[in-house]
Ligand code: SIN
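Heads up, the chain below is alone and in the form predicted alone; it's given as C-alpha cells.
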C-alpha cells in the first residue's frame, strides 16, 4: 500500500493513457502521491473530475469561496474566524460512508505544511479482510452496517464529533441520515473484497443485538487498524495525495494550532451504491 507517481504535472493537459496509469496505480496501491505540484483550484478540480463526480462536504461553511466542490482543511484562524475545518477526521473512517452513495476517491492538495505532524494514517482494509480466519469471513459476509454522520461509536450529538455537527438543513441537502452499507464490499473496479466502514460512522449490524453488533465492529476495527496494515503519509508543499475509500480507512493527525496547516480537499463519489 502506498506509491509515488513521478513525472506528472497536473497543471498541464493529460492524455487518457497517462490518466489511466494514475487510476490503475490508485487501484493497485490504494494510496498514491504526486509530489510538488503547482495548481490553481480550477486545475485541481478538473483533474479530480476525471476520477468521478465531486460531492461537496456536508459542512458547507468550510467550502472554498469560489469552488464549493473544494473543502478547505485548515487550523488557521483570521479575524477570530476559522479559515477551514480544523478537524478533518482524527479517527479511523472512510469518507462519506454516511451517504447512500459514498466516496470513491479523496484528493488532498497541500498548501501549508506544519513544521511537525499533520500526517495522514491509512489502513489497508483489503489485506485486513484477507487475513481474517475463514470462520470470521463466513460470519460477516453478507452483513449490513448502519451508519450516521460523525458517529465514532457514539450516538450523542454533543460528544460524538469534534467538528461542528451539521444542521438539519445541511443533512437534508446531502442526504446524511441513517445509511445501510455492506460490512464486506467488493471493489467496484477490481472486484476484491475489503472490510468497509468498520470504524467511523458504523454503529450497528442489521439483524444482531446492538451490543453484539457494536462489539463485532470494534473487534474488526481493532484488527484492521493494526500497525502492520498502516501507512503514514507525510506531506510537502504542493503534494497531491489520493486514496481509494473502498480499500482503506484513514485518520488525520492534528498539529499545534500555532503551526499553520492548510489543504484543499476534493472527494469524488461512486456512480452506484456499494455491493457486498
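Numbering follows the first chain given and starts at 1. Predicted model only: the values in this text are computed from it and were never measured.
What comes next is about the form predicted in complex with ligand SIN, which is not displayed.
Partner contact region in the model of the complex: 88 to 96, out of 188 to 196, 201 to 209, 134 to 142, 88 to 96, criterion any non-hydrogen atom within 4.5 Å of ligand SIN. Using a 4.5 Å heavy atom cutoff, none of 22, 30 and 105 lies near ligand SIN in the model of the complex. This chain is drawn without ligand SIN; in the model of the complex, the residue among 123, 73, 179, 184 with a heavy atom within 4.5 Å of it is 73. Although the partner is absent here, residue 252 lies within 4.5 Å of ligand SIN in the model of the complex, judged by heavy atoms. Residues in 208 to 230 all lack a heavy atom within 4.5 Å of ligand SIN in the model of the complex.
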